[in-house]
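Take a look at this single chain in structure tokens; it is the form predicted on its own.
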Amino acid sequence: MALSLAAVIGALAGAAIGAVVMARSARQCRKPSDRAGRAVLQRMNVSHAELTAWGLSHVAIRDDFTMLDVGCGGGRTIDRLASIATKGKVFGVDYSEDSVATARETNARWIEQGRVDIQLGTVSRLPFPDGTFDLVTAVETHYYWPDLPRDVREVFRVLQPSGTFAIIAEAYRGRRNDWLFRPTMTLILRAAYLTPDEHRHLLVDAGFVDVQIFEEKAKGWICASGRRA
């Protein structure tokens, strides 16, 4: 995500000296900060656009939905959701102050209209009451959650009955060029690197029903969705 996660991982397959430099960039994926982090966030907004559109194509979104994007990064997913739900409201949460600032800049017009609200916060303790949202999205972020099973249950808590949770990501165990992604995800980023079945069990174990796994195998993308019964 110093262009995107895929681009970072591809670069890390190069010479050792280049790997050291790129590893620093890769760690900005976890928590962007300072000028370098702001640059990463802007590039994320561009490089994740196609992935996000593909992932959201598997989710039904009504125009009056109340939605949350967890780990909102540069805020482009929030912008897309606000454009779809023209009568709804979109919230964003990120634990990086620079991400929150960039996401607010990206969505300034929606914030001014009262249709978007972006807060500093953590997925482990979402600052919302039980049963708030019709849809929660997590785009290129669940890898880094501190306690993934518990944090998915926290997402479950803030969903309304019949609300949907969608994980959208461009890296998963067993994807195309898995041999290239695996060492970077597990050793450098210390990230959760799950198989499609592990994504399924993650949602089922948290209490979700109607769990579906979608793969775009040519590009190495995955979307895992589930509904709160």
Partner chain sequence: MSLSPQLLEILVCPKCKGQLEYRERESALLCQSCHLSYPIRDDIPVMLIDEAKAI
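Residue numbers count along the first chain shown, from 1. Note that the structure is predicted; figures quoted are calculated from it, not measured.
Keep in mind the form predicted together with the partner chain is missing from the figure; the text below concerns it.
Remark: all three candidate residues (Q119, T122 and P129) come within 4.5 Å of the partner chain in the model of the complex, counting heavy atoms only. When the partner chain is considered in the model of the complex, D147 lies well away from it, no heavy atom lying within 4.5 Å. The partner chain is not drawn, but in the model of the complex it has a heavy atom within 4.5 Å of E154.
The partner chain in the model of the complex comes within 4.5 Å of a heavy atom belonging to K89. Interface residue remark: R104 is counted as part of the site for the partner chain in the model of the complex, having a heavy atom within 4.5 Å.
The contact residue chosen from A138, L159, A82, V100 relative to the partner chain in the model of the complex is V100, the criterion being a non-hydrogen atom within 4.5 angstroms.
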